[in-house]
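Taking the form predicted alone, here's one chain by itself in structure tokens.
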């Protein structure tokens, strides 16, 4: 049965979740969660302050020892039950994501499928945590190496993928035997609250998962991070905030996972399949309305194809209907708020002042909500402002190159290194690009790289650690080594 918007919103919890109970927050004024397509309030929810944050950490700490002793199979079963419940309620989650974040409903369904895979994947990884046992090189003893949970973790998630960013952190933490406090973004907290209700239904013990929503993120988070009971922090968001969190974490020598900013290059070589490259470009640029750390940020196109590539991309963008995400015909939704829209206009104007040209778009869309016309910018000069900042919206700047070395130089000319994309039909060139592109991930002849079974993360100022894949659970495990004398000596 399909729920109406009001029926769905009535099912979303609006309080904090601490020690297995839904409670009111102590922060000033409730948080109003807005629909970015209309500017209207969807729900008002509890607002946590530092007292609530420390209460959540206390709950996680008190539950930590017992949860670490729960068998891997039981932890796996809980995660699997949560996966099945999200799957059964996938349309509810998709509609809620679309309402609070603005993405088209088809993409929201894709996020539910993708995000839910982290619960299934880590339910399977929970029973595969391994160690090793063997003789020391000298033959004088036996070496035992085991893995154990890091301890209570604090997760801070962004607004752009409200389900996937939560499951990508909760899944491995629970699988490893860690308890967790999660602070979803103030702009899109509803999906995490509904997910928490699912975990409660799946039988997760009290205190293992705690959720605080707050409008005073820094003030609420600081006492948690400085508390000696916390052992791990995981964050997805901007590099500037990540740096501050790393500085705070250093005082407690916390284990950290940081998935930070991106400035993804999208390279199109002269031998590329142009149809495939344009398809990949549309996917890599406009997924989530361009509001993704993996979004293609800089289109670096061989001079022989640049005009044709730009014209095709502009035509495709002009044909995409804009509207409210829950409308099934919508292909492009709003950006998250007015600040984001103003930033897009600033970047477009700066590009034009620096010699670039607007091929299509470049303007606000009149009416309700925070809509910005999908934009293609051509003849963008190397060194332009827009090439040095994360765009986070439906704006595609195109830069020309002459040869492979220049393309590589332009692609690597950034402090970021999350993901890169490249289109070429030359196998040898493709292998060279894999080696030379300075990013943690590369999409070779594809505009989509994310997968729960793959390690997600970057290099340079794009972060530390990996989420997903075989590597993801190790972010929540400590290695312990034991030396045992040879029993025969």
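Positions refer to the first chain, counted from 1. In this text the structure is predicted, and so the values were computed from the model without any measurement.
Only in words, not in the display: the form predicted in complex with a small molecule, which the text now covers.
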Consider the chain as shown here, without its partner, and state which of 286, 418, 182, 268 has a heavy atom within 4.5 Å of the small molecule in the predicted bound form.
418
Between the options 125, 390, 111, 117, which residue brings a heavy atom to within 4.5 Å of the small molecule in the predicted bound form?
390
4.5 Å heavy atom contact, residue 456 and the small molecule in the predicted bound form
yes
Answer for residue 186 alone: is it within 4.5 Å of the small molecule in the predicted bound form, judged on heavy atom distances?
yes
Should residue 80 be classed as touching the small molecule in the predicted bound form when contacts are defined as heavy atoms within 4.5 Å?
no
With the partner left out of view, is residue 241 within 4.5 angstroms of the small molecule in the predicted bound form by any non-hydrogen atom?
yes
Would you mind picking out the stretch of 241-249, 393-401, 369-377, 194-202 that comes within 4.5 angstroms of the small molecule in the predicted bound form, counting non-hydrogen atoms?
241-249
